[in-house]
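One chain comes next, on its own, written out as structure tokens in the form predicted alone.
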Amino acid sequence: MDNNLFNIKNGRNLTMLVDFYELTMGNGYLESDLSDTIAYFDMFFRRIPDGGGYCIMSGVEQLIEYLSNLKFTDEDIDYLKSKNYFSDKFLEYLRNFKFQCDVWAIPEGNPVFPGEPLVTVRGPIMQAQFVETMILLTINHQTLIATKANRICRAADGRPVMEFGSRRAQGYDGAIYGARSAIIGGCTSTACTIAEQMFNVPASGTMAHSWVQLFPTEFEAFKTWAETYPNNCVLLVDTYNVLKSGIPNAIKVFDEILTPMGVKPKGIRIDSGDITYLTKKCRTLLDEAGYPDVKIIVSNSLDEHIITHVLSQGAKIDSFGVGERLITAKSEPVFGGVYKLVAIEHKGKIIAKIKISENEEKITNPGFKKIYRLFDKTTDKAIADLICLNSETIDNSKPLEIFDPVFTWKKKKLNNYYAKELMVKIFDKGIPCYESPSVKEIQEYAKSETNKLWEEVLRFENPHNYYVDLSNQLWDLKHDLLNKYASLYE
């Protein structure tokens, strides 16, 4: 998206959207002569929402916009000075702030999995620490919604899904960037008009129940709508009674208004009631009236589970409008990404750092890393992801043995495979060096990459655990550090 359009629509400087401790630590680093220490941070997540098998990466474009526009205003400096908490030296540093970090990220649309870095930041500790909140906020939210949308769209089994959730989103940004991520996840359109303007994605919508209520009769409401929008006539038929009023009046308008004009009616929408029963009856009535091409659209608190159930019961649905349960990821509305220090540099040498916990899943993978996705050459299906130290490379021409990083005796030897490096550099010493694709291009990429996962990984119930393994070098480094600190647990 054009940065100028972003700034016009956004109208905000988000530099101060930080947790206060990022400022207090920054001040402490400067006062302790640690501010120039080069640090490496990874943003990753530990668990897939909804018990799913994968997530869809989203939010990189907005992260680039944020990091490209970091600037402390005079008002920011005056506010921080009023706190009587920060040194004049630190405030002067902020006044002349210039972002200087290197940043890598997995491009949007890629399936991603627990434990692997989604974003890596390298740079002066003050800066790399400072951007923590916005990296987490941006990637956590958009990846959550893209993942939920992808699940819902797969449940729809090829039927179009429209995102209808703006009015139930958690705030303006939740609506705007939720709509963007819903498109990335597979939705064909959004009801959010500003999202179309900002991201060049389709906006769609017809009428609300208030339109029907305003007129003396339902027929007059439908008739007026058909005369106003003859080429895009979709009628909401559940204001009063779907089968006794809505459908008969819709068919009457099709017969008396649109057919004489030589225009084919588009569809009807049902927003309440027993979806399976009503859509079956409506399909029969429309077919008998000579309108087999009229589409049946349903909405009303849908999610992937409800969609799966009604379709399995034989519901006659051509497309879905999904609102609150998509835009809020209602079933599990938190994406638990974290941001952890994994290394520092000393005299040009990378020194790995690790966070240890009695909870095994909270033990971090140390060091400066890269990720390879390994594919079967015959099927083009993803086999596993391999997290390596950044200095490592994979030679596709040679066999490769991978192993489970917890149950290390579980091993697999690969021969007919190829490896794809996942992360790309998006900032080089503070300068953006990556151009984001359009939202529609990301959507197509997400669809293509998701199709490379095995069906067992894609299923909703008890999905197969996709393997995220560590290279031998990384595993050795991690366990050397664990052994180093083992005495603390004796």
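Numbers for residues come from their place in the sequence shown, where the first is 1. Source: prediction; values computed, not measured.
Omitted from view is the form predicted in complex with a further copy of the same chain, to which the following refers.
With a 4.5 Å cutoff on heavy atoms, Lys420 does not count as touching a further copy of the same chain in the predicted complex; it lies far away. Within 4.5 Å of any heavy atom of a further copy of the same chain in the predicted complex lies no heavy atom of Pro114.
Residue contact check for Glu31: one or more of its heavy atoms lie within 4.5 Å of a further copy of the same chain in the predicted complex. At least one heavy atom of Tyr229 is located within 4.5 Å of a further copy of the same chain in the predicted complex. Taken together, the three residues Tyr21, Lys83 and Glu196 all come within 4.5 Å of a further copy of the same chain in the predicted complex, as judged by their closest heavy atom. Thr328 is the sole member of Thr328, Gln100, Asn396, Thr308 with a non-hydrogen atom within 4.5 Å of a further copy of the same chain in the predicted complex. Think of it this way: in the predicted complex, a further copy of the same chain has a heavy atom of just one of Lys340, Arg283, Arg95, Lys381 within 4.5 Å, and the residue is Lys340. Remark: of stretches 381-389, 399-407, 101-109, 184-192, the one touching a further copy of the same chain in the predicted complex is 184-192 (heavy atom within 4.5 Å). Looking at 113-138, the residues that come within 4.5 Å of a further copy of the same chain in the predicted complex, counting any heavy atom, are Ile125, Gln129, Glu132, Thr133, Met134, Leu136, Leu137, Thr138.
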